[in-house]
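We begin with a single chain expressed as structure tokens, specifically the form predicted on its own.
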Amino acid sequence: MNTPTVLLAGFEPFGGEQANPAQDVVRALDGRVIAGHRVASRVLPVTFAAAAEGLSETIATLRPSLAIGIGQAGGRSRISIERVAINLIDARIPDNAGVQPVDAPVVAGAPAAYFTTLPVKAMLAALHAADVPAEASFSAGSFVCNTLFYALMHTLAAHHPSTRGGFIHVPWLPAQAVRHPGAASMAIATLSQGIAIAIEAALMHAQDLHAAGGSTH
């Protein structure tokens, strides 16, 4: 009997950085068995076209129970579980292929937004119980991370409705933060522990917790 799979997709370095915590986290968890599911990790290019295409092909091959993208959010201090992906690309900097779309859709003619199908509040509760700093986020930005998140949810809705999916942003690593005075960071051991806890909570909760968790701003 085949072990069910969790797809964990991270990114290579971008924006002049020599490292990407998302890449390090997915590599650290590759092959880990969590709640009876094997983690299958992929590192994707930070390009608008190739990232989405590579993810779609991988989902079709692996048929995972969960598919989660992981991205770097320099300046954030907590693991951020994203709640909504928007159908918009507005790139402040070029991607790693030198492409810089402005006010373009991720998928032309598709819905304006998709909500994650991960149990965000249950995942946050598990992270907080383990003393891992975490938060819900209502904006995944408008760069390649959001593009991947939107493409993921669009693909799942259209072709794999039984697979749940979403996106998680992580802070800089300490080695990155030293070059950004005053910026927060998180060690790779804490990031890896946190993402593993989040995955387990997602697998253990088919329905999310009914608890307040919105934002006042």
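Everything numeric here is computed off the predicted structure, so don't read it as measured data. All residue numbers refer to positions in the sequence shown, first residue = 1.
There is another form of this protein, the form predicted in complex with a small molecule, and it is not shown here; the text below is about that form.
Would H169 sit within 4.5 Å of the small molecule in the predicted complex, counting heavy atoms only? Residue-level check for H169: yes, a contact with the small molecule.
Does L127 reach the small molecule in the predicted complex, with heavy atoms at most 4.5 Å apart? No, no contact at 4.5 Å.
Would V144 count as touching the small molecule in the predicted complex under a 4.5 Å heavy atom rule? So V144 counts as contacting the small molecule.
Should V46 be counted as a contact of the small molecule in the predicted complex, where contact means heavy atoms within 4.5 Å? Because a heavy atom of V46 falls inside 4.5 Å of the small molecule in the predicted complex, the answer is yes.
Go through 31-39, 59-67, 144-152, 186-194 and give me the stretch that gets within 4.5 Å of the small molecule in the predicted complex, heavy atoms only. Only one stretch qualifies here: 144-152.
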